[in-house]
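Before any questions on how it binds or moves, here is one chain, the form predicted alone, in structure tokens.
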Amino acid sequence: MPALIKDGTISENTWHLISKDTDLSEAIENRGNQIMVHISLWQEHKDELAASSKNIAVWLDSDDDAYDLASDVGDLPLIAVNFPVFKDGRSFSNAAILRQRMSFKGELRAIGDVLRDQMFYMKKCGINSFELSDAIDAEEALAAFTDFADNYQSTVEDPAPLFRRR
């Protein structure tokens, strides 16, 4: 199980990611676990999945639209945004949309190619949980949140840009 940093501490990862090409029957077989299903499976079978378990979360790929979850953000305990490769930053936007425009209050998790160098910025977009690959030491990754003393632009955490804070 990959290491997890949640709310600034190393935590146990109890959620199981169900792959994008999984069908409904396979997802329901895992209903005893806390599972994250792709948004396409969620949209197609929301009622069956919700009826089979209360331990359902949704994950978005970088090319998915966060607004497709608009009617569900209040009911989901966790939404994960996938960072498939370093150069694909669309999940930063999805995270900010979920927090700022859709007022998502639950756990917002970064999955995929989560790099220590980007974790500070992921947190500024509203992500509070980071699923790390086995190649990243969780203790060292915690230091990412103190890499910079301040930021110039507005963020989910601090909506006033630096020049307004002086």
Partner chain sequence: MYIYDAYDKQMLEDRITQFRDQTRRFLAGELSEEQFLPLRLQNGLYIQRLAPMLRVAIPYGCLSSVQLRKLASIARDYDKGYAHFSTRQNIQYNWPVLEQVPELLAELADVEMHAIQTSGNCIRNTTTDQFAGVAVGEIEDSRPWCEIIRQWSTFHPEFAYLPRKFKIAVCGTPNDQAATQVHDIGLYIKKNAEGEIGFQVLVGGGLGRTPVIGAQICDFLPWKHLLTYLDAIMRVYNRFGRRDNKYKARIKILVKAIGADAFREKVEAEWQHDKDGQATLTEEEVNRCKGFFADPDYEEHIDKDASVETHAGTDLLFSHWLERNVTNHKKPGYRIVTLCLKETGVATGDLTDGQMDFVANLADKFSFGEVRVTHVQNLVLTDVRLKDLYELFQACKQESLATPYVGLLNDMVCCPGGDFCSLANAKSIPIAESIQRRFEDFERQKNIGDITLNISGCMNACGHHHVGNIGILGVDKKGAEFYQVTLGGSADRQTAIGKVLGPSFAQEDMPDVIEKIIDVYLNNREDGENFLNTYKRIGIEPYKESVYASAD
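All values reported here derive from a predicted model rather than from experimental measurement. Positions refer to the first chain, counted from 1.
There is another form of this protein, the form predicted in complex with the partner chain, and it is not shown here; the text below is about that form.
Any chance Lys6, Asp23 and Ser40 all have a heavy atom within 4.5 Å of the partner chain in the predicted bound form?
-> None of them does, since no heavy atom lies within 4.5 Å of the partner.
Tell me, which of Met36, Leu49, Ile97, Leu132 has a heavy atom within 4.5 angstroms of the partner chain in the predicted bound form?
-> Spelling it out, the residue with a heavy atom inside the cut-off is Ile97.
Using the partner position in the predicted bound form, report whether Asp150 sits within 4.5 Å of the partner chain, counting heavy atoms only.
-> Contact with the partner chain, yes.
Answer yes if any heavy atom of Pro2 is within 4.5 Å of a heavy atom of the partner chain in the predicted bound form; otherwise answer no.
-> Result no; Pro2 lies far from the partner chain in the predicted bound form.
Heavy atom of Ile111 within 4.5 Å of the partner chain in the predicted bound form = Looking in the predicted bound form, residue contacts with the partner chain do not include Ile111, since no heavy atom lies within 4.5 Å.
Looking in the predicted bound form, any heavy atom of Arg101 within 4.5 Å of the partner chain?
-> Contact with the partner chain, yes.
Are there residues in 72-98 with a heavy atom within 4.5 Å of the partner chain in the predicted bound form, and which are they, in order?
-> Those in contact are Phe86, Lys87, Asp88, Gly89, Arg90, Phe92, Ser93, Asn94, Ala96, Ile97.
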